[in-house]
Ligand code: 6PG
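The chain below stands alone and is given in structure tokens; this is the form predicted on its own.
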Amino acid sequence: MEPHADIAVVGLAVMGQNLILNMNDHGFTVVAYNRTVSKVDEFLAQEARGKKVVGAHSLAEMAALLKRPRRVMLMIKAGRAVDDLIDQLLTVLEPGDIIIDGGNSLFEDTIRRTKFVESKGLLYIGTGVSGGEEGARHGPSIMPGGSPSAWPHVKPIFQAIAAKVADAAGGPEQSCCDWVGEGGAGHYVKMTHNGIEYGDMQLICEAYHIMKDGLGMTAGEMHHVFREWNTGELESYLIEITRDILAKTDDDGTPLVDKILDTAGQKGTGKWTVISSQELGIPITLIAEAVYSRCVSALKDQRVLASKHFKQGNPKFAGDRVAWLGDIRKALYASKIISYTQGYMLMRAAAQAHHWNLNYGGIALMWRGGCIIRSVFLGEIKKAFDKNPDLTNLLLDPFFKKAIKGCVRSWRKVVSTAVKKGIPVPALSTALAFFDGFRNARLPANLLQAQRDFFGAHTYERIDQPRGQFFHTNWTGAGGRVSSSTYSV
């Protein structure tokens, strides 16, 4: 058979199958391949029946069906399996062909793989794909990076199948997909997206916890609150699904959410985000607390035992419920601003470290539709960077500065009351602590530096001397004049 297919997708799990069907809907001929080849036949006989999808039972057959340059997209589990498949593909592909990794790969692996594949004369793309099963089928957010010269060859496909959002200026719809940058930039942006997703989910869960224990609300009552919240500044996919989850009942008519075990899982992207932030020295404290909150939830047996030793008092909030709901909404909104602020701080630091030219407004647009953190809120982030591409921090943008100021009183009220009542709010409280630290012109780190110099001769700078000059004090009179070298890890 003559080469006639536009792209191949390797891996027929839920995401792979739905991307293939999405591509087919947009007029592209796709080759479907899976290591367990029986899945190819099952897919063609069921989900892809009547479509223009072509099946392949070997990598060689798959390659023979593709137009040049061949485009092969991997939708398989991240890790060693990707490296093994790349090695196999190099035996059937030719220079100029393009390998695309659409899984949740670690960005450092993508940097390495890009260099390796390019050294063989081929091109490589590592792309984040967000939106889950529904997004893959009807329009995900796609964040490609890797070999820049590969982008023109995949751009028509990716931008066609990606989610679309209305242009704020009234122009044509815009695709939630654009080129992110070289090497691992695409997977880094996707990783950061997932980190923010962790934060958003934890914030919503804490708001739910306060409403449930602090205000004594039922799932049905909370459903109506989240339905209202989804019509304002908090409008988002995660608020929307929370609304629907709270309305779902079990077979006996009781709320299903109340029967779900309170132990959260995770697949690693949130942890990777926190590790990267530590390496870059960026305080994404909210995402870190969201990751650790999942870890605490996993200690179910220990928590049950501890609850018998440390009895909780009355968790009920005093006062008007309606007023409290307004305060919780503002606390959630302000904390959400901090979450995205920290995420953008991280991407800016990574861009400097890896020499990526990231389009921060464009990233907000890519996240505006299709992905898990899609929200009306992201439109304001795009506007902020459109007005000032060199914006160093979202909190310095006029819109977000005004928004935070309008929420601070309620934010403090909710966090302080939750702490007094023993309701854990790690994400809401760390967001507030970050804000207070960021807005404070002088922190107690001067004492910390004195301590470090005292026990380790680590030196310090002085406020009455130019930055970059370091001093050491013989604090006890018994120490020497030699200081440790000055460096930051």
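This is a predicted model, so every value here is computed, not measured. Numbers for residues come from their place in the sequence shown, where the first is 1.
Keep in mind that the form predicted in complex with the named molecule is missing from the display, and what follows is about it.
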So which of D97, E197, D327, E380 gets a non-hydrogen atom within 4.5 Å of the named molecule in the predicted complex? E197
Partner-free chain; cross-checking the named molecule in the predicted complex, the single residue of H153, H223, R113, H193 with a heavy atom within 4.5 Å is H193
Answer among 114-122, 302-310, 203-211, 267-275 for heavy atoms within 4.5 Å of the named molecule in the predicted complex: the stretch 267-275
I372: heavy atom within 4.5 Å of the named molecule in the predicted complex? yes
Answer yes if any heavy atom of S339 is within 4.5 Å of a heavy atom of the named molecule in the predicted complex; otherwise answer no. no
So in the predicted complex, does T242 come within 4.5 Å of the named molecule, heavy atom to heavy atom? no
Would you classify S105 as touching the named molecule in the predicted complex, given a 4.5 Å non-hydrogen atom cut-off? no
Within 4.5 Å of the named molecule in the predicted complex, counting any non-hydrogen atom, which residues from 279-312 show up? R294
